[in-house]
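Below you'll find only one chain, the form predicted on its own, shown as structure tokens.
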Amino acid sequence: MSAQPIVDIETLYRPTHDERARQQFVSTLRKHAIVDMRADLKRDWESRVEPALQARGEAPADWRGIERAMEAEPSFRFYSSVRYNVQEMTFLSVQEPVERALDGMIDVAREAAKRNPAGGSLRLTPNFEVPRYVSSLDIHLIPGSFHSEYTQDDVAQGAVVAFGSKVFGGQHPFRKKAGAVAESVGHWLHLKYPDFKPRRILDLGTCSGKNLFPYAEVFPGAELYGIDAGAPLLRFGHAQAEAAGLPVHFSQQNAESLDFPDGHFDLIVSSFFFHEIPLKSTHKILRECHRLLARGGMMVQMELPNEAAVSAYENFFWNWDTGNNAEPFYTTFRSQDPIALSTAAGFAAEQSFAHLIPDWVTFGEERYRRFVKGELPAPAHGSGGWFVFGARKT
């Protein structure tokens, strides 16, 4: 007799009609801010503010000069106000339905951790010391950030991040959608390196595993591991994986010092991870990647494009998050050379890379194959493309 399956924890999340309407409004307003208002802001800079500065001989030399010129302009102040408030509204909009479902979600997560019917595992560390650069901030303006726990075996933050991210990305709350980053990185690796068949894959800062699960489809048979500092995220993700029949191994660890043996992994990935941590931590974690990779293994870190890769105005736009989205390490990370970060960690420069890849879903398989052949360029990061950096261990 087969084991009784785990209930899909996401089905316990049942927003009311009015809550769904609120979430749809927030999602639409956010899209308006980052698409329409962003375009309006750039037009105001290019057609009015920049020409006036040039006429006075005061053209800014870099993105910081653009920021100083724009910070008092009504267009920028209005854009910033809307974007900041809608960021807060995004995660607040899912809290009430999560709280109503919380007891049931905790029961499901406990059952998943007890039985592990898919063959995965959940390893939490009692009295785990959450890094201060996580615990002292409500990163992304998420109330309670990624780590906070308010009751025994809590999964609330895992659910708030998971469902808030769907509002953030404009997804239907019940639509099952794989992580776009993982799909894109996985298929890029498969097409670019057809002989590369990783046995074990590690996702750093995995949250609930959204950008880990898709690797099971791209690389069948690979063992999947995800680490994070937030126990509620890991409990929620483990329950999701067990319900989906995915044997994923989650553990609560600080990525600066992991307990896996040398050469244990063939592929190490992350998504929007390094810009959330101090630079000294970035160096430690990349050295850990080098230690943990087997020879021939690869790390592929999806991140924000570094400053040298984009224009001064784009840097002004991207670095908004540093002071407005509880991400104080954002600008420092973006000022680094990704190739230099990799070589400082022990990777060879000729085996290191930093470039754009297209989004797998929106670009399509045929065009993706043409991109890998060098026939098509990748779209810009945030507009149909993803910026990745990494290296292969020789």
Partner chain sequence: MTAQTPATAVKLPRQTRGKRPHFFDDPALDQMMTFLLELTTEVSVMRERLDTVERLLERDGKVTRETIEAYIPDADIEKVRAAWRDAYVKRVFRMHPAG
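Numbering follows the first chain given and starts at 1. Just so it is clear, the structure is predicted and the values come from calculations on it, not from any experiment.
Keep in mind that the form predicted in complex with the partner chain is missing from the display, and what follows is about it.
- Residue in contact with the partner chain in the model of the complex (any heavy atom within 4.5 Å), chosen from Ser165, Asn254, Ser75, Ser251: Ser75.
- Shown without its partner, this chain lists Thr322, Ser80, Asn116, Ser281 as candidates; in the model of the complex, only Ser80 has a non-hydrogen atom within 4.5 angstroms of the partner chain.
- By the 4.5 Å heavy atom rule, the three marked residues Thr16, Glu99 and Gln152 all count as contacting the partner chain in the model of the complex.
- Contact check for Thr28: a heavy atom falls within 4.5 Å of the partner chain in the model of the complex.
- Proximity of Leu202 to the partner chain in the model of the complex falls outside the 4.5 Å heavy atom cutoff.
- Residue contact with the partner chain in the model of the complex: Pro143 places a heavy atom within 4.5 Å of it.
- In the model of the complex, Arg291 stays away from the partner chain, with no heavy atom inside 4.5 Å.
- Heavy atoms within 4.5 Å of the partner chain in the model of the complex map, among the stretches 264-272, 233-241, 88-96, 211-219, onto 88-96 alone.
- Taking a 4.5 Å heavy atom cutoff to the partner chain in the model of the complex, the contacting residues in 106-143 are Ile106, Ser135, Ser136, Leu137, Asp138, Leu141, Ile142, Pro143.
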